[in-house]
Structures are given as structure tokens and as C-alpha cells.
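One protein chain, two forms: both are listed below as C-alpha cells, the first as structure 1 and the second as structure 2.
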Structure 1
């Protein structure tokens, strides 16, 4: 029992000392200065969704597999062909960006974008109805002073960022 208490105390003190090292060392920083520094995202990054309406076959598999229940199907009439089908809508309040909907789509109508940092003023803007999902997410371009950085793991310092 005493050994367990001493062991826990040791690990707590060690965690506090690591936190103090990052707090008090001016050259060591483990966070980005967002939006002045933007991370370069990996190729398989799972961002917000975009729908290719031409490819959607209204199968509903995306809605069925969504573990968070973020995808609902809604009747939608295609403007050019006048065909009516059930197309997905996404509620980003619930989406966990798992990518299951992308994996299961037989016609590859859903695709991931590289946009992850969209901001909204009103909660209702987080719901992407069919027309908005077809257009895809839009964000303002990064400010001119933003620079891209690459994160790396340093054995001593932890996560470090270098200019791309």
C-alpha cells in the first residue's frame, strides 16, 4: 500500500516537473500559434464532407453506418434531371469524423475535404443540408502572415515544429 502511494506521488511530481519545464523554458513550445502557424495536414486527413450529387445512388448506407447519428437522408430533387432521391445531410454537432461513411459509400459520392477549421457564429450553421453539402465547406483563406509548419517528435523536447 505504501509503495503504491509513493509510486503515485513520484509520477505526479514527475508530471508537474515536465509541465514546469515547458512553462519556464522559452525555447520549448508544444503548441501552435494558430492562425499564424498552420499545420501541414497528412494525405489521409479526415476533414469535413463534400457530396458529389451526380454519383449518389440514394442507398442510405452512410446514414446506417454513422456511429454518431450525424447523417440523415432527405428527399432531394436533382435540378437538371428532375430525379428525386434520398441524399445525405450532415449534422456537424454530432459528427466524430470517423470516415465510416466514406468507406462504405459504394459509388464514392461522399469525399473528405482537407478543411478542418471552419468556424460558425450560429449553431444552426453546423447542419449541412444537401445543397450546402454539394458545395462543400468554405473557409476564409489564411491570412498573409500565416506560415505552414511540420510537427515532429523530439526525444528530449517532445513535439517540435519546423518551417515547411
Structure 2
């Protein structure tokens, strides 16, 4: 009985001490302070799409494979080059970022961008017409003091964020 009480006391103290250790030791935060710190994502990250209309051969495979039905084809004439073709349009209300469209594109006309913040002020902006898809997504930093960071895996602290 007494041994059990002592044992319990010992384990209580151990639990409190380990909690205190992590409470008091500085810089063990593993989360990203999102609007203040923006992550630079790895190169092969499956983010939003960008279209190179000169390479597009209007095959429509991207629209056929899309599991969410987010891609429609539209007849499009480029303003400067007068090039005509059936090019994809993306509806980010439906897109699930599986990247099948990029993988199946035989001419590499669709590209990955590393941007994934599909947040807009107006709902209609979520629909990317061919014009905007060619330019690609451009997101302003959410707040003035935002800075970019790179995450690195660390043996001691899990993840550390370094300024880019």
C-alpha cells in the first residue's frame, strides 16, 4: 500500500516535471504562425494550376479524368497570338487538388504551382477562366508583416522554421 502511494507520487512528480520542462524551455513551438509566417512549400507540392496555352493540344484528358468534375473545356482565342483551342477552365469550388490532370496532360501544358491558398473575396473569383489560368494564381500575402519561412525536420525539436 505504502509502496503504491510512493510509486504514484513519484510518477505524478515526473509528469509535472516533464510538463514544466516543455512549458519553460523556449522555442519548442512546432506550429506555424500562419498569417505572419508563410511556408515555402516543397517543389513537387500539388497546389493550384497554371496553363501554358501554347503547349495545350486540346485533347481534353484533364477534363475526362477529373474526379470532382472541376475542369471544363472552353473555346478560347488568345488575344495576341490569335491561337485558338479548347482549353481547360478550373472551378476551385470543386477541385480536390489530386493532381490527376497535371499527371495525365501529355504535352505538359498544365503545371503545378506551389500556391494552395484558394481564398478569395468574391465567390466568382474561385472560377478560373482560361485567361486567368494562363496567368496563374497570385495571392497577396495576407498581412503586411508576413514573411516567408522554410520548414526543416529536426531530430530534437521536430520541425524548425528558418527565415527564407
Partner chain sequence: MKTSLSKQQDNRKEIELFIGPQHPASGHMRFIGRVDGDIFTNFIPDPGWVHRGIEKIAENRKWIQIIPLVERAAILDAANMNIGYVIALEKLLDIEPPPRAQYLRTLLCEINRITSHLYGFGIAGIMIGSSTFYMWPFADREPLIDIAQLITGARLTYSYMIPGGVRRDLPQGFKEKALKALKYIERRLNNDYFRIFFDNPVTKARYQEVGVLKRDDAIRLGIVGPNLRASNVKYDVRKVEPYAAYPELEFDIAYEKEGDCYARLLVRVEEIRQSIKIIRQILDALPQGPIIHKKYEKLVSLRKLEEYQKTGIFGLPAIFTVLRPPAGEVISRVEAARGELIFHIISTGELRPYRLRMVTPSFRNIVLFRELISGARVMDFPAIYGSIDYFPPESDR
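All values derive from a computational prediction rather than experimental measurement. Positions refer to the first chain, counted from 1. Rigid core (definition): largest C-alpha set, two forms, superposition within 1.5 Å.
Of the two forms shown, structure 2 is the one predicted in complex with the partner chain.
Taking the rigid core as fixed, one finds a CA shift for residue 126 smaller than 2 Å between structures 1 and 2. Relative to the superposed core, residue 37 shifts its CA atom by 2 Å or more between structures 1 and 2. Relative displacement of the residue 153 Cα between structures 1 and 2 on rigid core alignment is 7.8 Å.
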